[in-house]
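Given next, in structure tokens, is a single chain: the form predicted on its own.
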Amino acid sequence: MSMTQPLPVSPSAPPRERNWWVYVILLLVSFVALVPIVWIVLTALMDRAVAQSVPPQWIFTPTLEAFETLLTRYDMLLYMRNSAIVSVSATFFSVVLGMFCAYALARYEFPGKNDVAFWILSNRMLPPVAVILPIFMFFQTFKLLDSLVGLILLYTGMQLPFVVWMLKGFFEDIPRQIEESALVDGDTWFGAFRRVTLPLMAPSITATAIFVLILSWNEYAFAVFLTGAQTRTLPPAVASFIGGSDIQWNLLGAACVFITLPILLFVVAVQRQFVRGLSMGMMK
């Protein structure tokens, strides 16, 4: 019984091109990107004497002293909880409100539509440092200083322009005829939106929510001025270890791990939905 043999490759076929230089560039870029992260993790595992030694020591006995100090003396879990509450709440409210605004801009025609769209976009162009003082006075007037509610409202307003413009393009990629078919079958506009458009938009909404969560989690400028000891988020807490001439590098490294690890694990867990959302509309 004879076995089927693979077809021979024609000697005239051109050799398969291997772009080895692409892999070299990717390795170099990956190395440059990973070295600071590796060094931060190593610094977090050093004791204070090793972390401040000059020149740096690459061989040392790892210790969790810095993490223990942050948890027992600096309330790092409190700051992490505050960051989680503010970031998740601001992401939820900004995505829900921005979703309906983006839908209206993508689907309906009304007077001043382009002006409204540009006004929403222009709010994103303003640097935070330009409005810190007015916002501080506003928060002081309405008793929102040193409160998580005030920070949630502020972050929601900050991220709304980004959400609207991200989702507006994704809504425009979905054919209007799909919703019109649901309306012809007797559904309301909200029913068509909920049963037809929203499931198709789920990957894009997920990708936008991930971006908003990262931006809210890492926000520093407003958090450092508008929060106090009990409402401080992680970015101002990490920055508090940088000051003066005596910088505790091991505590700073451990604090950077605290602020980076949760969001890194979250992105890795939802990376499939993230890629699907970003690539939506690229192939028809």
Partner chain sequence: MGQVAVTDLNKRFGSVAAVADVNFTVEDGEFLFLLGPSGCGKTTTLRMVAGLEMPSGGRIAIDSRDVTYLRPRDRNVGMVFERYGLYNHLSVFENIAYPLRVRRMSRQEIRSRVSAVAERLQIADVLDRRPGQLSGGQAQRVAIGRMLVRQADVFLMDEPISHLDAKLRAAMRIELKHLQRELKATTIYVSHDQLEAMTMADRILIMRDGTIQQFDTPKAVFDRPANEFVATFIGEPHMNVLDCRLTTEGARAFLQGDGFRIEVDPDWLARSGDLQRSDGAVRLGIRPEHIGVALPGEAGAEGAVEATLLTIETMGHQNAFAGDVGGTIVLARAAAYETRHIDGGEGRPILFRFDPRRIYLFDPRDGRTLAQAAAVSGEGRAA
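Numbering follows the first chain given and starts at 1. Keep in mind that this is a model prediction, so the values were computed, not measured.
The form predicted together with the partner chain exists for this protein as well; it is not shown, and the discussion that follows is about that form.
The partner chain in the model of the complex is approached by residue 191, whose closest heavy atom lies within 4.5 angstroms of it. Though the partner is left out of this view, residue 75 does not reach within 4.5 Å of the partner chain in the model of the complex, counting heavy atoms only. At the 4.5 Å threshold, heavy atoms of residue 175 reach the partner chain in the model of the complex. At the 4.5 Å threshold, heavy atoms of residue 123 stay clear of the partner chain in the model of the complex, well away from it. Residue heavy atoms within 4.5 Å of the partner chain in the model of the complex occur in exactly one stretch of 198 to 206, 107 to 115, 148 to 156, 85 to 93, and that stretch is 198 to 206.
Of the residues 97, 135, 182, 80, just one reaches the partner chain in the model of the complex with a heavy atom at 4.5 Å or closer; this is 182. Although the partner chain is not shown here, in the model of the complex the stretch 23 to 58 places no heavy atom of any residue within 4.5 Å of it.
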